[in-house]
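Just the one chain here, the form predicted alone, laid out as structure tokens.
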């Protein structure tokens, strides 16, 4: 049984005579212990989707089944109880400015009726978990953005949830702080066995800690699968745009000088640390005596594994090109033709 199952989910917003289809026929399965990424550009519908998972937004059609419970079949009281096991953190932290770190973390426990002393002890324990033991009496205004997000994470963990939803939780943070928060989320996933769903528009976030990913474009699910598989062989244009834009610095339209190259065939090769010891491209050029143009190259951490990729322009001659592709594949590299 999946931890979260989404079946044929659609969401339409209606305002006066205007209808907007935010989501259309979404089907995903999230297993227990997954760090599952949902990625798309602004307006793709990803935040609407995550809010449907805990029924903060009610789908227009379809089902959301969480740990065997169909959320749409629950009463309001049962929904509130179910949501206690589905915690959420946001880009804007949403801390109470008049309360210090311990009081912020204690707040959901106090609402549940937990005695003050017990709630305070739990809050201090969670501050240790997120590495802020010395900030117990600090107010949000006295904390950095990264520290505020750590408090928000501790508060989300206060009621021992089974699922943690992260809606653009690192978008307001600088790259170094983002990495630290992602490392913390990964540690929480491993130590507490939480199922985590991450909403983001940054492919680097997905590649760093997620094991599976769904790519949303204009309210539609265009690709879903293991992060490594999609990085190696993106099938949809949306996936290629997200990967190329972030890895190679292209704008989302993928318009770049390489798109204007018409001679020869463009291929993308992907290699890991294990396949990077031999200077494969240099040796290939020497072997075939034909020039190869390296159009772009970069490295990336994908699920804890160093991955590199290049886009090469191969010779026009078909036989030579096929031999070169076979040469690369024999040396353990992933090879696919780049089409734009």
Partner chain sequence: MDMKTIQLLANGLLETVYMTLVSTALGYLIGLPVGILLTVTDKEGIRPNAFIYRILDVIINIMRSIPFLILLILLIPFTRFLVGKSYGTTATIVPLVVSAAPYIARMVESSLKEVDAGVIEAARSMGASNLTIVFRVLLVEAKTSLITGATITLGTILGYSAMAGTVAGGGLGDIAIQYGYYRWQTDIMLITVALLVILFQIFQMIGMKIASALDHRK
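Small disclaimer: the values here were computed from a predicted structure and weren't measured. Positions refer to the first chain, counted from 1.
The same protein also has a form predicted together with the partner chain, omitted here; what follows describes it.
(request) Report whether all of 150, 169 and 193 sit within 4.5 Å of the partner chain in the predicted complex, measuring from non-hydrogen atoms. (result) Looking in the predicted complex, the three residues 150, 169 and 193 all stay beyond 4.5 Å of the partner chain (heavy atoms).
(message) Can you pick out, from 95, 221, 123, 213, the residue that has a heavy atom within 4.5 Å of the partner chain in the predicted complex?
(response) For this set of options, the contacting one is 95.
(message) Considering non-hydrogen atoms and a 4.5 Å limit, which listed residue (199, 86, 132, 239) is close to the partner chain in the predicted complex?
(response) Result of the distance check: 86.
(request) Examine residue 111 and determine whether its closest non-hydrogen atom to the partner chain in the predicted complex is within 4.5 angstroms. (result) Flag for residue 111 set to yes.
(message) With a cut-off of 4.5 Å between heavy atoms, is residue 51 one of the residues that contacts the partner chain in the predicted complex?
(response) Yes, residue 51 is a contact residue.
(request) May I ask you to check whether residue 294 falls inside a 4.5 Å heavy atom distance of the partner chain in the predicted complex? (result) The answer is no: residue 294 has no heavy atom within 4.5 Å of the partner chain.
(message) Although the partner isn't part of this model, could you tell me whether residue 141 comes within 4.5 Å of the partner chain in the predicted complex, counting any heavy atom of the residue?
(response) It does: once the partner chain is placed as it appears in the predicted complex, residue 141 has a heavy atom within 4.5 Å of it.
(message) Only one of these stretches, 181 to 189, 204 to 212, 228 to 236, 86 to 94, has heavy atoms within 4.5 Å of the partner chain in the predicted complex; which one is it?
(response) Among the candidates, contact is made by 86 to 94.
(request) Using the arrangement in the predicted complex, list in sequence order the residues of 165 to 189 with any heavy atom within 4.5 angstroms of the partner chain. (result) Sequence-ordered list is empty.
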